[in-house]
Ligand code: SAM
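Presented below, as structure tokens, is a lone chain in the form predicted on its own.
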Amino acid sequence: MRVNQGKCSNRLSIVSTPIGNAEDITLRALSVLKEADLIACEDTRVTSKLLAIHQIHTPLISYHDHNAEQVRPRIIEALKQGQSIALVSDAGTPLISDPGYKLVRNCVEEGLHVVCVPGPCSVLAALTLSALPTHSFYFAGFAPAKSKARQVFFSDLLGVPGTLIFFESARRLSDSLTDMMTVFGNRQAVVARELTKKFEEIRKDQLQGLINFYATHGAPKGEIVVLLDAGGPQPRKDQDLDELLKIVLEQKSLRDAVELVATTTGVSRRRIYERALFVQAAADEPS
């Protein structure tokens, strides 16, 4: 059993930091950051600005995707020597789409104390503002950059019954929404950007409406969270079903593909089976 409370020496503290508004930091987080011997952060320039606002002078060490393998052993050794280390990300809760979980895993394996100092998280902030169902949700992180891989990525989530949540870049947003439309149909969706900041915006519409909006107004600026309603079955034209089946059949057997697509679209299994045979036959035809 691990005891995670008490004096903050000789332990790793996972500290949530603001996602935009510098005032969104807890008193406990400020205390832990001040008392730590070292703060491990993604970008020292970003974290330095936050520390300066709150007059905290704790030394920083960079810990991110590109140096994690080299830096992680140094952090583990420092903890073993009795130092107190705080782990932060550039914004929000560490370990959400960053390499922090490997550090925590190593700490647990070494029997070192790990505590969580909870606070801001863009995933939960976006969910609470979205007006989409909150009783069941699935955070999928960033989708792949390429369209085909992205469609396969989305197809693996077809059977998830709750609200789906993604991170996305402004540059890829329109393409990502289009691929969602191909896979999921015209579901209700939300684009949440610049959360807690001056230009915070929550835009809710069906996917086609969002696609049309950004086609007219261009890509938005800022940090973006996309949420997709689990919704009910969406009506599909044969062409739409064929496009979805092409994606799913690359990953699953005919039987499993028919079952998944029929369940998620509400279209009869007989019709899906007929379309699947058509798609397979078309794929087998010589080009």
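Counting begins at 1, following the sequence as shown. A quick note: this is a predicted structure, and the numbers were derived from the prediction, not measured.
One more form of this protein exists, namely the form predicted together with this ligand; it is left out here, but the text below deals with it.
Looking at this ligand in the predicted bound form, residues 12, 79 and 100 place no heavy atom within 4.5 Å of it. For the candidate set 155, 93, 163, 130, a heavy atom within 4.5 Å of this ligand in the predicted bound form is found for exactly one residue, namely 93.
The contact with this ligand in the predicted bound form, taken as any heavy atom within 4.5 Å, belongs to 195 out of 189, 177, 117, 195. Though the partner is left out of this view, residue 244 does not reach within 4.5 Å of this ligand in the predicted bound form, counting heavy atoms only.
By the criterion of a heavy atom within 4.5 Å, residue 37 is excluded from the residues contacting this ligand in the predicted bound form. Taking the partner from elsewhere, residue 229 is found to have every heavy atom lying beyond 4.5 Å of this ligand in the predicted bound form. Proximity of residue 19 to this ligand in the predicted bound form: non-hydrogen atoms within 4.5 Å are present. Proximity to this ligand in the predicted bound form, taken as heavy atoms within 4.5 Å, picks out 163-171 from the listed stretches 130-138, 146-154, 178-186, 163-171. Residues from 215-230 that approach this ligand in the predicted bound form with a non-hydrogen atom closer than or equal to 4.5 Å are 223, 224, 225, in the order they occur in the chain.
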